[in-house]
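Presented as structure tokens, the chain that follows is alone, the form predicted on its own.
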């Protein structure tokens, strides 16, 4: 761009991720409209937008059935239900000057004959040439018109050099079209360009763009990985005295999968560069004990470890388990969360700034500004997809802050272990987690019972209540999960508060509790403690119980409005039961009629028990952006490549990334800069 856009326009462009001329050039069309030839109004096909040209006759404001601008032209009427006074004046002036209107839209039969409602239009002089290429339609944002954005994009395209960032040898090897020609043809496709290739995003031009995007992401991840390997970290012993004692006194045997994951993590921790590992495993596969073993290695080294969880309930669950497992060994454990008093928080903060070894367990409170660590060696982030990129970066930076005068570049970086009970499908892992080492626990501990899943329409609620009465009469406990806390825009959704009140009346003989995220921390802890101790029969809750709740006696779960939950949530919630000796049942109560999407989700959760297959289906249904949640916040999601359709291309890009980094690292950096620019930093999370 020769001229910088006005600040207001720049802010709108930034919302689209456009900050530089290169970003504009790479902002490719969503679709195209054909304005290269004219169609007579009477010959326009039904339901298909066409370009029509007619001489203007007059323009009037009609007031029935409601106020609207009606423009009469030869053989055509244009109708605008929303309009400005300036439009009326412009049409009248154009009619007086003998101008034509060139309108694009669907033609339909109206009171005066052929008409268009709210077409896109231009006022033109007779004989003005038609467009020589299809008209690109770009993704835009509120306040930035399609015309203004198109003008900016095409101006940037005219000024762009679009030199190829890939060596000719690599282009020949993978049969890649020229990048400059590809991008220009996508912005200005010829009138005879194959429509299917443009709309389906196939053909040589789209293949090159998708390849370059996938390659940039692979390169960025690998560069981040190499950069981390060049940093220093505290090497932690894999056979320290505490670790030996702990493993020698375990009251149960680790599964083969747990032992394998433990060995991989301890091997990484023993190195003098920072571990960056994802520990994934299905609900209840035993990830927490493996994380506790990693924390013990930090304590054996005289260092600190931090365990961050997304909710206070999960943080408290970790506190309980860590205290039960590591307390007998004399391991110091601290707890930091939002519910502590100022004095209690300050005491924990002071303790972390001393050099004594400690495992601190907490929520988002761990990365608050005033929290610092004297010697943080390991950061464990549980349910990592629930934290944003910047939040995870903030926790890692704590060790550099604690180093004081030591510069950030030379300060030891803590090892990082991220955990997820939402298994990452292979294609997604290869693309979005290429910068991580991955450990997978793909085996359940002995004693975990299969949970039976039942579907029930909301009209069968009375039968569900009878099932709860019978289960609780036998000494079992149950959950009733609701999607919202109190009445909202959702309108007909059963609320947790209302459900709690109605169930207390309908199930008078039972002890019913209520748990949701807006309760004060002390009250939440009290309710959960009562349920764990068996002092409550039924717990009405929101998804606050989705992770971290472990009550072996709870063998029945009802999920109300199950059609409103995602697959990952349903699977996580179902994993809260089946932890005891009894057969467990999860009842998915749904409202009718079901949408096609909701029906597909419920079918998957009803038929599947394997978390990896459920995750794969979830990816297919929702796409990577939603599946990944906040992990990609501020990160370059794929805009053009489709992980399902373009999986072979992703494999090719992965191979090419290794070759390019090895043979031409400078070209690799140029390629990443073109496609990702300032968004690269977040790959470090």
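On a predicted model such as this, the values are computed, not experimentally measured, just so you know. Numbering follows the first chain given and starts at 1.
Heads up, the form predicted together with a small molecule isn't pictured, but that's what we're talking about next.
Of the listed positions (440, 165, 453, 288), a single one reaches within 4.5 angstroms of the small molecule by any non-hydrogen atom in the model of the complex, namely 288. A single residue from the set 564, 337, 321, 582 has any heavy atom within 4.5 angstroms of the small molecule in the model of the complex; that residue is 321. For residue 258, a non-hydrogen atom is located within 4.5 Å of the small molecule in the model of the complex, even though that partner is not displayed. Contact annotation for residue 175: none of its heavy atoms lies within 4.5 Å of the small molecule in the model of the complex.
Residue contact with the small molecule in the model of the complex: residue 520 places no heavy atom within 4.5 Å of it. Residue 550 belongs to the set of residues with a heavy atom inside 4.5 Å of the small molecule in the model of the complex.
Heavy atoms within 4.5 Å of the small molecule in the model of the complex are found in one stretch of 348 to 356, 465 to 473, 78 to 86, 246 to 254, which is 246 to 254.
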